[in-house]
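Listed next as structure tokens is one chain, alone, in the form predicted alone.
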Amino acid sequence: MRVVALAGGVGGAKLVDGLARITSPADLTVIVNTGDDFEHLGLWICPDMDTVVYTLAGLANPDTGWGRNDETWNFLETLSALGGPAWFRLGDRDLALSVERTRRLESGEPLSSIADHFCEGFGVSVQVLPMTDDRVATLVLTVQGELPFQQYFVALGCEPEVRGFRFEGIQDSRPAPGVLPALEEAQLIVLCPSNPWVSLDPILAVPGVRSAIAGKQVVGVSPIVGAQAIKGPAAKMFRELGIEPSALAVAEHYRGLLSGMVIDSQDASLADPIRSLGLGVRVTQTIMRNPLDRKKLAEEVLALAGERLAETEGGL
């Protein structure tokens, strides 16, 4: 089965790793959110892309889920001692990658080509694509005004109350090379347990992406468990936008796109309401504490897709 996963953040990277453990590299493509990308210290930083690649390479920090394992912080400590902007934590190993990416970008190489080069260098055989090679910025509309995502997320710790989101440059962006062909050939699209508002909506907003997904088998994994986000501000964002956070709310957010939803055992009572939306539902453990959990959740995603496919073929 040819699978395309849409991912952003730590939860997305973990499920992608699970999918990579049970599928052939030739059958898995990952499309990563780049709305979080930004310039810092003169460098182009790609947090979601790096998290996915590090995770697939087995190099991600096991405690945080982001950044490198066995990291050192000499650069950041020196920067801080000199009074520099140390609010965004770049370790020494992470810094080297950002320096090389910026050098290549400034020489005219597109982000998608750089991603291929980094995957090859780290021994990642799965195809990892940015959603676009064009510059797109996620802006968070808050009671304090419009904030660049990393300013809201890291510098301000997600404290400002959210009123909405804007993806600057999205209308003029184009899918990165390989994105549309991968979606067109896919037998299954997986919406990873990533923040719907700021991790997956930017990917879906790239012109041509949503229409390429329409009519496909699409299975999502809820990032909300027991009315809380496993990691990050997704639940807080739902509440501040006047929506009670739940797996049902996530299903409704993607209504018209999903064919099935995997939810956590803690939310078993929501299975029937989600089914009433016309979706298939799989109830299982979705919290990924270790590689085995990632693999098991990926298996559940493919099992639900298989069930939905059988139901569709049976109805013909």
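We number the residues from 1 along the sequence you see. Just so we're clear, the structure is a prediction, and the values are computed from it rather than from any experiment.
Beyond what is shown, the protein has a form predicted together with a small molecule; the following relates to that form.
- Heavy atoms within 4.5 Å of the small molecule in the model of the complex are found in exactly one of 44-52, 281-289, 263-271, 247-255, that being 44-52.
- Proximity of I189 to the small molecule in the model of the complex falls outside the 4.5 Å heavy atom cutoff.
- The small molecule in the model of the complex is not approached by W197, whose heavy atoms all lie more than 4.5 angstroms from it.
- Though the partner is left out of this view, F149 does reach within 4.5 Å of the small molecule in the model of the complex, counting heavy atoms only.
- The small molecule is not shown here, and in the model of the complex it never comes within 4.5 Å of any heavy atom of D133.
- This chain is drawn without the small molecule; in the model of the complex, the residue among L79, A205, C119, V154 with a heavy atom within 4.5 Å of it is V154.
- Among R166, R210, R174, R89, the residue placing a heavy atom within 4.5 Å of the small molecule in the model of the complex is R89.
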